[in-house]
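The chain below stands alone and is given as structure tokens, in the form predicted alone.
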Amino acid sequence: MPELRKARIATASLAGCFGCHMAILDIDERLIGLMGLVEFDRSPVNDIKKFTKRCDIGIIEGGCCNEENVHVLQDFRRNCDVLIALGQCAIMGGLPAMRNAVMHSENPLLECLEEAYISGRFIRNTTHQIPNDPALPLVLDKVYPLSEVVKIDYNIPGCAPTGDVIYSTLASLLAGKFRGFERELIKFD
């Protein structure tokens, strides 16, 4: 009897805290059963940095705050059949997007960088310069939710979503039966 092909999953973390990847580990012992159905491709889970094959599912946490985030996200859209935004940072920008609302000058990005590197209350930057090395990715004018950059197929809400929600969504998608979230799973205490 031929062995069934495992679904390929890729994951990435953009502008966020990596808490959603930690929540994937909260699937606990069900992760062992899930590994019988999937294999990870490009992911911090296995430290593979580039796609090796086309993936069935891409899971992205974090928003887009620099050009590298945009390139990674576009690469995932090109290489994944289904793209999932995991967590509030991916869906709405989350905490990193707080900079979007607090800037009121003609050059809000410069205002944000000056606060972070020069004039902030606890900054001890004796050079009084904003880092500007060609190796650093270009910072965007604001933090963007993923759906403003590429088409997103599914959103898994939460900060971070529970392991139960992540497992339920993946299991349903893999079985071809995902019809949305059960009300009991989407609650925030």
Partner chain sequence: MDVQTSQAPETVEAAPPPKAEILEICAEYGNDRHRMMDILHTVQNRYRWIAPETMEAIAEATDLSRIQVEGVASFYSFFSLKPKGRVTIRLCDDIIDRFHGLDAVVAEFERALGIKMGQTSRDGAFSLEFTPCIGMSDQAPAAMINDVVITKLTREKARDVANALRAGETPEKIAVPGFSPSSAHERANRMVNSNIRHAGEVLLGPVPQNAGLTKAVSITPTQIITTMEESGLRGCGGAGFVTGRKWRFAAGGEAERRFVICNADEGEPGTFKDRVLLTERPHLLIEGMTVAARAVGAREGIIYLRGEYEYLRPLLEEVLDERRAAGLLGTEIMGVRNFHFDIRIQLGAGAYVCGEEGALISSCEGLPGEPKTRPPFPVQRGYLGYPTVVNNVETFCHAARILDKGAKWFFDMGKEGSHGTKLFSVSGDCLNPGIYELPYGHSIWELLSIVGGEDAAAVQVGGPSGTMIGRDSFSRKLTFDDLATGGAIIIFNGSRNILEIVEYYMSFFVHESCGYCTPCRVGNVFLQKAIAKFRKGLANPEDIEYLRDLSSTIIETSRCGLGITSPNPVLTTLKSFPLIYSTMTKPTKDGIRDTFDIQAAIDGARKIAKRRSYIFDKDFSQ
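Nothing here was measured: the structure is a model prediction, and the numbers come from that model. Residue numbers count along the first chain shown, from 1.
Below, we refer to the form predicted together with its partner chain, which is not included among the displayed structures.
With the partner removed from view, the residue among 159, 139, 38, 27 that has a non-hydrogen atom within 4.5 Å of its partner chain in the predicted bound form turns out to be 139. In terms of contact with its partner chain in the predicted bound form, the residue from 109, 101, 95, 116 that brings a heavy atom within 4.5 Å is 109. For the three marked residues, 34, 47 and 172, no heavy atom of any sits within 4.5 Å of its partner chain in the predicted bound form. Its partner chain in the predicted bound form comes within 4.5 Å of no heavy atom belonging to residue 105. Taking non-hydrogen atoms only, residue 151 approaches its partner chain to within 4.5 angstroms in the predicted bound form. None of the heavy atoms of residue 129 is located within 4.5 Å of its partner chain in the predicted bound form. Interface membership of residue 147, defined by any non-hydrogen atom within 4.5 Å of its partner chain in the predicted bound form, is confirmed. Contact with its partner chain in the predicted bound form, defined as any heavy atom within 4.5 Å, is confined among 159-167, 38-46, 120-128, 61-69 to 61-69.
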